[in-house]
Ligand code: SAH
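Encoded as structure tokens, the following chain is the form predicted on its own, with no partner shown.
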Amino acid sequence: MADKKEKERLSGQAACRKNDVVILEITDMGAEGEGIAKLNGYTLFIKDALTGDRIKACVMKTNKYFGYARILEILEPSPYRVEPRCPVARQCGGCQLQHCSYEKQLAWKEEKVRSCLSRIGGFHNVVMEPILAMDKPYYYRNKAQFPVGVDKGGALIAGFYAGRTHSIIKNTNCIIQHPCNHEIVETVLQFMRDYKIPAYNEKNHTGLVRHILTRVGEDTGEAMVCLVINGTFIPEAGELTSRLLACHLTGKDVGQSLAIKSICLNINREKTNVILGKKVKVLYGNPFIEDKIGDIVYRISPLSFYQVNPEQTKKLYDTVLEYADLQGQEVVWDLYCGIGTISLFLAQKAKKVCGVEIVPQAVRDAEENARRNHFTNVEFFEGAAEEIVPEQYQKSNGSLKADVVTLDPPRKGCDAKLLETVVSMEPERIVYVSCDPATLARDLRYLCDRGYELKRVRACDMFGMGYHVETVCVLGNKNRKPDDYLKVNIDVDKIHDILDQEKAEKEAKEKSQSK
């Protein structure tokens, strides 16, 4: 059998070289929504192809085990193929699935999660609850970051990067971003033209305006404009402010209007691909806007992490709350808590919630969000979850316990040391929110090999027209009984004292070194 597969692979290579034109049947879709075809046993990935397509393609690149091709002609379209609504959808890297029906997108994302759980985590026959679908999969994003540059003719443009490049595809009217962005971005571009303010040039690290960042509080009707600049100020800032405040911004619904409540500069003078710098200057209003999810109001700054799809976020967080199954007596640790979005949802039904977040401004926002919403049962800790939680567990001599732990890590998933500590804390339930099914499956395997059992899984479509998918899971402790709630012992004040002392020592050391 192995010899047969090897022969098929080698024969595929022999028949498939760069620049070959081939006829392909698309039989599957890859992790980023690309089509997959087999040519004599050799695998080819084809951007913008769909399961069910029959295409003529040109082979672009090959290696030992697989290659890449591009569509020359669609000979027979897939039954799932639709016409993209955006004229630059194929060139732009912002959407990968506009050519795919939304129903098929949902089915594919659900299968993507199931496949990762099976292949990577070894969870077979997982019964997934129906994916949380979007009611309207367009104009949903409340945050946009438009890179600014020039086209081949030297004209000023803004838009989005082409896939896997830093070439800007001109587009200020993106159909998955909030519709108010078009007027905001065009206003900034015209201001730059009128006052000859140069766009940033990545190659030689010159020019001023790098990105135009916008954030929208759909529920509150508040909007933020933040220019990311390669400098410390922008000329004619008063005129820019006046022009932006004169914009007539409309919401997604008929009759809804928005008001700009914050105009900021973000200082990023580093020669880097990282979009945001650490310093923010306010030109108008506050350094934040507010938005509402459910009954909770959140304060959002330019540097804060906040889910980009508010309607789906409400569905996601309701699921987190359901899976946590809080009865009012639980101590919860919310790790990677951001500005406290999940923490405050949980605080509605928990005895105590402790959030951990590495971004200082997000922690300040989280504390303010708790105060403004009158939560007194929430504490926030500043630092990396994978560092703070293991350190505090060790210093507490094992007394740092939790009834429920929630995890909402970045795409790389959780650090093994953090997962080890979470297991040591012996929570009754672990609720894991993931934006990457592969690292989710890996981490779930770790937890289930150490006394936990995967109970429920549900995908949530936060990114219509894109290949990313959120997933929420709950794991139960096979060894812990409900009566163990009474044994939880946590001294939050002691943990704060330790962290404050460590922070003071660190600042003193840095001050001494700077001298």
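These numbers come from a predicted model, not from an experiment. One-based numbering along the sequence shown.
Here the subject shifts to the form predicted in complex with S-adenosyl-L-homocysteine, a form of this protein not shown in this document.
When S-adenosyl-L-homocysteine is considered in the predicted complex, only one residue from 102, 393, 160, 305 comes within 4.5 Å through any heavy atom, namely 305. Listed residues 434, 181, 341, 262 were compared with S-adenosyl-L-homocysteine in the predicted complex; 341 is the one with a heavy atom within 4.5 Å. Not displayed here, S-adenosyl-L-homocysteine is kept clear of residue 282 by more than 4.5 Å at the level of heavy atoms in the predicted complex.
Contact annotation: residue 80 falls outside 4.5 Å of S-adenosyl-L-homocysteine in the predicted complex, judged by heavy atom distances.
Although the partner is absent from this view, residue 358 contacts S-adenosyl-L-homocysteine in the predicted complex, with a non-hydrogen atom inside 4.5 angstroms. Under a 4.5 angstroms non-hydrogen atom cutoff, S-adenosyl-L-homocysteine in the predicted complex lacks residue 287 among its neighbouring residues.
Comparing 377 to 385, 147 to 155, 206 to 214, 94 to 102 against S-adenosyl-L-homocysteine in the predicted complex, the single stretch with non-hydrogen atoms within 4.5 angstroms of it is 377 to 385. Candidate site formed by 310, 345 and 366: none of these residues places a non-hydrogen atom within 4.5 angstroms of S-adenosyl-L-homocysteine in the predicted complex. Taking a 4.5 Å heavy atom cutoff to S-adenosyl-L-homocysteine in the predicted complex, the contacting residues in 406 to 439 are 408, 409, 410.
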